[in-house]
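This document starts with one chain, in the form predicted on its own, laid out as structure tokens.
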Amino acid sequence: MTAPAPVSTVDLVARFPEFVSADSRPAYSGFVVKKENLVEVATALRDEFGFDLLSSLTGADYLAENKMEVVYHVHRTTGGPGVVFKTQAERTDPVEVPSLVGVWAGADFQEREAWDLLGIKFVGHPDLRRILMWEGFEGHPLRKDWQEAFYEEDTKPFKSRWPEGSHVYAEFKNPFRDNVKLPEGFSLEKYQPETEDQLYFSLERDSSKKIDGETQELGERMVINMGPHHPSTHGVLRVAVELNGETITSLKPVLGYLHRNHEKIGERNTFLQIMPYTDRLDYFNSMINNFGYAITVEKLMKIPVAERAEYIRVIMAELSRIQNHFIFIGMLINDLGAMYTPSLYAFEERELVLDIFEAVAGARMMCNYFRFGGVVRDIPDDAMRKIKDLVFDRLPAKTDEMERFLNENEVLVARLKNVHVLNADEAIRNSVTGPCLRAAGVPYDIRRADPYSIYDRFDFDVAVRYNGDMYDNYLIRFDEIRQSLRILEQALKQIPEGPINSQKPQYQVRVPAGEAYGRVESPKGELGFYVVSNGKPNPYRYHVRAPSFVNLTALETMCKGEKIADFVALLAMFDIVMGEVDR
């Protein structure tokens, strides 16, 4: 493999003049690749140019132009800005594009999502099934010509709601109040879940007789289902697990039980109306969800953020990261069988942070606090005093206390130490980001690798550990708490006076036409938003690159060859929240 080229010299047009062109649409960026040559170009980006991390993969339906587009964002784990490239196909079924699972395994679930919601068929994908919708769902809901059973209008505010205010609940138009449209010829009475056979077939196909390089004598094959309603899955998640004795030989996560089609809702909302919907993604970290969406739209609007608001944003984000990691620690101990006490200690610290959020935003969990150009209101004086007390006194002491109580507990150490999670190659190949990637020895943190907001002003270290086992994945959360406290101490000392928004308050913003991808380092990993504007009050395309969803791509890799007794703790390592997995 050749040495990676500097970012400034990444010119795919010069490298592939016959089938790559610059995206010449106004306010678009990146490259357009002929789909027949997509795998070749992607392989060169990975091997020649060093873009080893596939961050985001999604599609867009350009109905008026009769084409579908697949958009890829790739980055280097050594840092720096990324590259965006696209491929297009005529909008005639079947819409076919080559799969890139063979180049970046992290494309797996993201391609299945694009197939499910947009109907883009990825040729060569090893397991192209619906992932969020059930098999009796009619059509592909993110297509621009798809309409639900009681379709009213494309975009909000609906005329029946505002200004006339004479709306009628659509469900009341149907005597059965059933807002379901089934495919032609589909009968619920005769319905048999055919995808169960497909699921179990993919389990059997992917089970390996070789585990850790040794040939295993396969006994009686047994498949068990964890979930969907199981206390250890931290939400509505089903995992079909194939066992040989007590050893996991294959598994498949089954998602979609919580799916709300967040992106379809987003494309019907105005830009500002989407902000409180981001709260419902990772509902433990609504401040950071707001952050990622705000910086994406600000890129499109090309507006500055008020200086004081930049500091407030960082303060809220790092407080959110700290309480998230406390809950991770408490709930991990819970998953290992030490019921309640450690998790209650962790929740006590979370509640104190939520007191701050309530004081500044008016809500504890669904904060809806960020606005384009700043935040919605300033930090009250008494809340600022509480923040300083937490940052300089209580939280460092409580972190020390939790470490003293737990880190050398012999049962905890025995359960976590030397149980493999992911090594660096496995994590990068599967697009895993966040603490699990850093615990595998890759010091990749977007706040340092590709800084956003004002993170480049602060002195802090990227937390990293090198064993890639569950114990390092546990300890790295303490490391990150301490680095967040370092950032908070500096931010509280440096925060200036001044306005908290660079824009005038407004109910509706006009966003210039174009595309933007914004990403932040959430406690779970890379949280990205891909937004396309056509100059109207509503986004034309709105996509969330959810870290919990993408990280689950690696679940089979990290569990294969481990014992079923360790499965619950291994799943906990990703710290998933089903609200952002399914969206």
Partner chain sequence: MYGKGIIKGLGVTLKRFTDTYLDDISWWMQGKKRYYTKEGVEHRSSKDARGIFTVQYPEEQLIAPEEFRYEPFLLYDEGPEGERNIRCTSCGICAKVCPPQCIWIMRTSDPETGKPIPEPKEFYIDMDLCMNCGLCAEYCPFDAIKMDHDFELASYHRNVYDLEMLLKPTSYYAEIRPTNYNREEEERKAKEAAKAAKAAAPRPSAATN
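Owing to the predicted nature of the structure, the values given are computational and were not obtained by experimental measurement. Residue numbers count along the first chain shown, from 1. We call the rigid core the largest set of C-alpha positions that still match within 1.5 Å between the two forms.
As for the form predicted in complex with the partner chain, it is not shown, yet the points below apply to it.
S.K.: Taking the partner chain as it sits in the predicted complex, is V376 near enough to touch it, meaning that at least one heavy atom pair lies within 4.5 angstroms?
M.R.: V376 belongs to the contact set for the partner chain.
S.K.: May I ask you to check whether K493 falls inside a 4.5 Å heavy atom distance of the partner chain in the predicted complex?
M.R.: K493: no, not in contact with the partner chain in the predicted complex.
S.K.: Considering non-hydrogen atoms and a 4.5 Å limit, does the partner chain approach H325 in the predicted complex?
M.R.: No, H325 stays farther than 4.5 Å from the partner chain in the predicted complex.
S.K.: Would T247 show up as a contact with the partner chain in the predicted complex if we use heavy atoms at 4.5 Å?
M.R.: Flag for T247 set to no.
S.K.: Exactly one residue in D425, E96, D461, E401 has a non-hydrogen atom within 4.5 Å of the partner chain in the predicted complex; which is it?
M.R.: Of the candidates D425, E96, D461, E401, E401 is the one lying within 4.5 Å of the partner chain in the predicted complex.
S.K.: Consider the chain as shown here, without its partner, and state which of E410, D381, D456, E220 has a heavy atom within 4.5 Å of the partner chain in the predicted complex.
M.R.: Only one option qualifies, and that one is E410.
S.K.: Each of Q88, Y311 and R482 within 4.5 Å of the partner chain in the predicted complex, by any heavy atom, yes or no?
M.R.: Result no, not one residue of the spot touches the partner chain.
S.K.: When the partner chain is placed as it is in the predicted complex, which of 300-308, 338-346, 426-434, 447-455 ends up with heavy atoms within 4.5 Å of it?
M.R.: That would be 338-346.
S.K.: Could you pull out the residues of 126-160 that have any heavy atom within 4.5 Å of the partner chain in the predicted complex?
M.R.: Result: K156, P157, F158, S160.
S.K.: Compare the position of the CA of Y466 between the shown form and the other one after a rigid core fit and state whether the shift reaches 2 Å.
M.R.: Shift at Y466: below 2 Å after core fit.
S.K.: Taking the rigid core as the reference frame, is the Cα of P505 displaced by 2 Å or more between the shown form and the other one?
M.R.: The answer is no; the displacement is under 2 Å.
S.K.: How about D381 - superposed on the rigid core, does its CA move between the shown form and the other one by 2 Å or more?
M.R.: No, shifts by less than 2 Å.
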